[in-house]
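Next up: just one chain, as structure tokens, the form predicted alone.
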């Protein structure tokens, strides 16, 4: 194997590949990047066996071959070379030689034939979506995903395709975000799949060009998304997502319209003196006013009032301040609409005219 490549051409896809690779591996070869050179292209692959990223880079004057190289050492060497440097890479038995100007490095390698194959079943379903559209849907939901929850189906994101509608849902059991949008082209597909947490976070990082058209393919076990010269693959979470529809089937108080910036600033200030562990704040709705208050074990107290249009019976409800702040921060409008269930079991946070995004937060006892 032998080829020459410009540093600027190699660095970005290599960084993307290395971000998938875990630092601590049970199999040494999983700490490596698989490099395959064939027919004027370099194919880089990284995996942790749950997700995989493959990048194709066009190059000329190659000697075909394949090998795996230590991912982070290879990345650091390439990154530290001067901008625009030409890098000559040549395989020599169980090592690769990296030459650039007066720099020379030898890296120990492992054989490509020992690199584990990422098992993918036949993809029954596919659709296309604009990267900017998909990125916005991810940004509105991924912060609600659970992290290492025993209910493993919550450690991921529900992707629901219903012909020309796409719905993304994430929840950690205490809050839930839902984002719905229309696809430009009907898919003829009806499916619900759960993408694992790490895959969702990596995918969000990869969608840095809003103009790109994504090709999404999936089966019952895997998903594959083509992003220009990158192919992202992930194993799906083998479970059913809980039915969250019942939360809509209850009585609600009248919606409360609150200026977003006032609510966000007041919550941020009051939360400073909340209990560091539980982050609880209490919202008291009284005629023409919202009072936000908290206290902590050190006997500190905070209270803020916001003038709002409220005429009902006084109402008191407590929330995790960070959960409420996350919801309000993800609203694009100037007004936040809070709709509280009549049994004080949940609170909807959304926008006055936008039906695409809903955030639901469960109250807490203080």
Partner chain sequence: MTATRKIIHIDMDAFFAAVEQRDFPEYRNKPIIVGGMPDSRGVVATCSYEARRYGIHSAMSSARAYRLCPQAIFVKPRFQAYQEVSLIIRKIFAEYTELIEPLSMDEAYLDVTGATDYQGSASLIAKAIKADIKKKTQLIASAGVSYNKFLAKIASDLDKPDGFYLITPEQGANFVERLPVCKFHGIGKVTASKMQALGIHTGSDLKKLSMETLQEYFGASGLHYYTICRGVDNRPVNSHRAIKSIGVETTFQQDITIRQDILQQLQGLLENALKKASAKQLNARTLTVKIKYHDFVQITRSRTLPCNLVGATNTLDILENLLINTDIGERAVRLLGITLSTFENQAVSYRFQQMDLFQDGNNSGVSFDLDFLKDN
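Numbering follows the first chain given and starts at 1. It should be emphasised that the depicted structure is a prediction, and the values quoted were computed from it without experimental measurement.
Not on display, but discussed next: the form predicted together with the partner chain.
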Quiz item: Which one, 298-306, 331-339, 315-323, 60-68, holds residues whose non-hydrogen atoms are within 4.5 Å of the partner chain in the model of the complex?
Solution: 315-323
Quiz item: Is it the case that 143, 200 and 231 all touch the partner chain in the model of the complex, with a non-hydrogen atom of each within 4.5 angstroms?
Solution: no
Exercise. Could you work out which of 252, 153, 123, 118 is the residue within 4.5 angstroms of the partner chain in the model of the complex, going by heavy atoms?
Key: 153
Practice problem: Using heavy atoms only and a 4.5 Å cut-off, determine which of 72, 269, 205, 246 is in contact with the partner chain in the model of the complex. | Solution: 246
Quiz item: Do residue 181 and the partner chain share at least one heavy atom pair within 4.5 Å in the model of the complex?
Solution: no
Quiz item: Should residue 242 be counted as a contact of the partner chain in the model of the complex, where contact means heavy atoms within 4.5 Å?
Solution: yes
Quiz item: Is there a heavy atom of residue 176 no more than 4.5 Å from a heavy atom of the partner chain in the model of the complex?
Solution: yes
Quiz item: Looking in the model of the complex, any heavy atom of residue 79 within 4.5 Å of the partner chain?
Solution: no
Practice problem: Could you run down 345-366 and flag each residue that has a heavy atom within 4.5 Å of the partner chain in the model of the complex? | Solution: 345, 362, 363, 364, 365, 366
